[in-house]
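Shown here is one chain on its own, the form predicted alone, set out as structure tokens.
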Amino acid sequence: MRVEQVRQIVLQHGRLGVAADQVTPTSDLYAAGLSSLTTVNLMLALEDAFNVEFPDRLLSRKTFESVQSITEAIDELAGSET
């Protein structure tokens, strides 16, 4: 399932300050420790993993605020459903 793939990438590249079991699809990643710098690293890892490119319109805090919002953006870019 794509949500779990995204969650794993977030855990690997997000440098979050919370335990992995606390990161749910709707957790606020910024409250969990995601910073603007780690967001860039996360975005690059996601682009590589899913073979997509985030356009400027999706480069916002809202897109990267949760695993679910990231998954929705990737689904849109990949043109498929979760």
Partner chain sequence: MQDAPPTTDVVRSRYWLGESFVVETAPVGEVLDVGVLLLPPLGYEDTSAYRPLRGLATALARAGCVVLRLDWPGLGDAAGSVRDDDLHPRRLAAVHSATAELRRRGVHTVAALGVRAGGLLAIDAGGLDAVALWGTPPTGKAWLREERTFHKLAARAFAAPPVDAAPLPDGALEAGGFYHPPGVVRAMEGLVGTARLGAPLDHLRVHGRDGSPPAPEWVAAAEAAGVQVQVSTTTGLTDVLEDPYRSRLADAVRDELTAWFTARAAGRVSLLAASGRPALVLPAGATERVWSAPGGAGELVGVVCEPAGGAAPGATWTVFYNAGGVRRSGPNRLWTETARALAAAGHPSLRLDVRSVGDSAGVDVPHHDLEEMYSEDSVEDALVAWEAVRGLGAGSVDVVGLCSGAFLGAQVAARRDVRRAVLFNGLAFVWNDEARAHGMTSQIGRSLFDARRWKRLLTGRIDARALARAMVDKARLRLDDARARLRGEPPPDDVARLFRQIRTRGTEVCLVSSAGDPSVEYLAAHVPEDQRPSLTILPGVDHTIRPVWAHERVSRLILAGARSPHAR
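In this text the structure is predicted, and so the values were computed from the model without any measurement. Positions refer to the first chain, counted from 1.
One more form of this protein exists, namely the form predicted in complex with its partner chain; it is left out here, but the text below deals with it.
Triple contact flag 2, 21 and 69 to its partner chain in the predicted complex, non-hydrogen atom at 4.5 angstroms: Negative, none of the three is within 4.5 Å.
Can any non-hydrogen atom of residue 36 be found within 4.5 angstroms of its partner chain in the predicted complex? Residue 36: contacts its partner chain in the predicted complex.
For residue 11, is any heavy atom within 4.5 Å of its partner chain in the predicted complex, or not? Because no heavy atom of residue 11 falls inside 4.5 Å of its partner chain in the predicted complex, the answer is no.
Look up in the predicted complex whether residue 27 has a non-hydrogen atom within 4.5 angstroms of its partner chain, and give yes or no. Taking the distances in the predicted complex, the answer for residue 27 is no, it never comes within 4.5 Å of its partner chain.
Can you tell me which bits of 30-55 touch its partner chain in the predicted complex, meaning any heavy atom within 4.5 Å? Residues within 4.5 Å: 30, 35, 36, 37, 38, 39, 40, 41, 43, 44, 45, 47, 48, 53, 54.
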